[in-house]
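Two forms of a single protein chain come next, each set out by itself as structure tokens; they are called structure 1 and structure 2.
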Structure 1
């Protein structure tokens, strides 16, 4: 029964996501797909997956332990904090912190996590901002 509930909740989330995507205002500089193209694809994949889960649930689902659920909640909190920190700290700093934390929670050592966070952040910044010329959130240090 819990799989069916999970599937229905996912389907409702997908519907809400699609409605929000359809309400995105188009600017005069948009491409042929428009700003809602990718969010609609994500909503469709989430909706179809949720329907499959609701229609064909696992006979004996195995849910994670309370400790694992706490770790998942901590990861969600980190992503919310990332979204909040992005305009304040800038792309490079916020991404380095988020990637380092998530890498650490996945089992890397502290030094390896920090190096992964900084490397990922700087690498993405170089590719998307310096090479492709895309605008990323600027922080107090100018990048």
Structure 2
């Protein structure tokens, strides 16, 4: 069943891709193939393979339970928040929180995850910023 849905989604993607390719505005510069020629070939391969996947599905994969899916979703939300807040809060604070969260969700105790978070954040800051000179996001506190 998973593969059938996957195939249908893939087919829709291929159609969307082909439509978008046909709508590429022509430029005054052009060559024999044009900007939409190759994308159309790609869309055809994408569509054909999706159809084959939908017609001949493999055994369904083992999907996680709803609880685990919620877990993954929470992790994604956490990462998005991290990306958005990184320039606001500064590298060290944002990273410590994010790493502590991940560590906690992977089964560390509260104290251990706080230590992992702070440790990896400060560790990365020291190695990458202070030693290698990588520019990291700077927060209001200067780190």
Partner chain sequence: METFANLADGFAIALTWNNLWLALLGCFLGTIMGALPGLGPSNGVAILIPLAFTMGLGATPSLILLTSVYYGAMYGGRISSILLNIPGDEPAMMTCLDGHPMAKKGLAGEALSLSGIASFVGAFLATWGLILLAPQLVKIALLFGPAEYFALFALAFMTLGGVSSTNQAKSAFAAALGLGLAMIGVDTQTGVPRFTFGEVHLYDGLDFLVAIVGLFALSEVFIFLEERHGSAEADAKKLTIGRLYPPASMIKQTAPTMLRTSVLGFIAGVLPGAGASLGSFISYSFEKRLVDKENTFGTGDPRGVAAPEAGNNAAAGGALVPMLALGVPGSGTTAVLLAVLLSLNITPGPLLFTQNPDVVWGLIAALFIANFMLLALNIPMVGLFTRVLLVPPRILMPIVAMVSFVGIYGISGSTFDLLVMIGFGVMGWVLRKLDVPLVPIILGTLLGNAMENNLRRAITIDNGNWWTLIDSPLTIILWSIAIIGFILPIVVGRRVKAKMRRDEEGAIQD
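Remember, predicted model here, so these are calculated numbers, not experimental data. Numbering follows the first chain given and starts at 1. Whichever C-alpha set is largest while still superposing within 1.5 Å between the two forms counts as the rigid core.
Worksheet entry | Structure that is the form predicted on its own (1 or 2) | It is structure 1; that copy is the form predicted on its own.
Discussion item. Degrees only, no decimals: how far does the smaller rigid part twist against the larger one between structures 1 and 2?
Written reply: That works out to a rotation of 53 degrees.
Worksheet item: Where the core is superposed, what shift in Å does the CA of residue 9 undergo between structures 1 and 2?
Response: Superposing on the rigid core gives a C-alpha shift of 6.7 Å for residue 9.
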